[in-house]
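First, one chain by itself: the form predicted alone, in structure tokens.
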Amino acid sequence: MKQTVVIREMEACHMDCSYTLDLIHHEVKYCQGCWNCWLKTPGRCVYKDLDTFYNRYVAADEVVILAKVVKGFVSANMKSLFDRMIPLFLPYVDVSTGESRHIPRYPKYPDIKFYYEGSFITDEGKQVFEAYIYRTFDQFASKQITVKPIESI
């Protein structure tokens, strides 16, 4: 059975899944940049608020993200989540593809379906946003990445 994790910032969106990270009611603590997750307690953040999420994320086949666009970018809470995903990778960098990439800590990472709600002042702003999301999850070692407005579901 396919394991799906949902990360949501919208009340009205409910999907069948094995785990939901509800960012409407959960404020993700910001990364304090201590690097304990790499050096002192590999793979584990000093904050414990995402321990269950980390386990579910790496075990999932796909992650569906239902995000709000805030001033042309992801919300501060979503950005904190992205920053706090660094324990899922090793502190070493591979440059064999011509760009620097953190080496994955786990053998597989989930496919990503990122749906967003919000508007952009220009088409270029929308392209930059979608490219940022794609590049973020490409760096997070996801093989299949979909980035679309929520209206396309």
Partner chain sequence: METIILNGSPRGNNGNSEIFIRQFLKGMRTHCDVKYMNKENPEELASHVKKYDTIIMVLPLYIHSMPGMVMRFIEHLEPSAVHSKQAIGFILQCGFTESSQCKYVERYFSCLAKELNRTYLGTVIKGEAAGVYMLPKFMTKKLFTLLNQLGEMYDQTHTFDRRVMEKLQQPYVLTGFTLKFMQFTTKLGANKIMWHRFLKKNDAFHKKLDQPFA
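Residue numbers count along the first chain shown, from 1. Being a predicted model, the structure only gives us computed values, none of them experimental.
The same protein has a further form, the form predicted together with its partner chain, not shown here; the description that follows concerns it.
*Asks:* With the partner absent here, would Gln32, Lys40 and Arg135 each sit within 4.5 Å of its partner chain in the model of the complex, counting heavy atoms only?
*Replies:* Affirmative, all three are within 4.5 Å.
*Asks:* Using 4.5 Å between non-hydrogen atoms, is Gly125 touching its partner chain in the model of the complex?
*Replies:* Contact with its partner chain, yes.
*Asks:* Looking at the partner-bound form in the model of the complex, is Val58 within 4.5 Å of its partner chain by any heavy atom?
*Replies:* Yes, Val58 is a contact residue.
*Asks:* With a cut-off of 4.5 Å between heavy atoms, is Glu99 one of the residues that contacts its partner chain in the model of the complex?
*Replies:* Although its partner chain is absent here, Glu99 would touch it in the model of the complex, with heavy atoms inside 4.5 Å.
*Asks:* Met15: heavy atom within 4.5 Å of its partner chain in the model of the complex?
*Replies:* It does not: once its partner chain is placed as it appears in the model of the complex, Met15 has no heavy atom within 4.5 Å of it.
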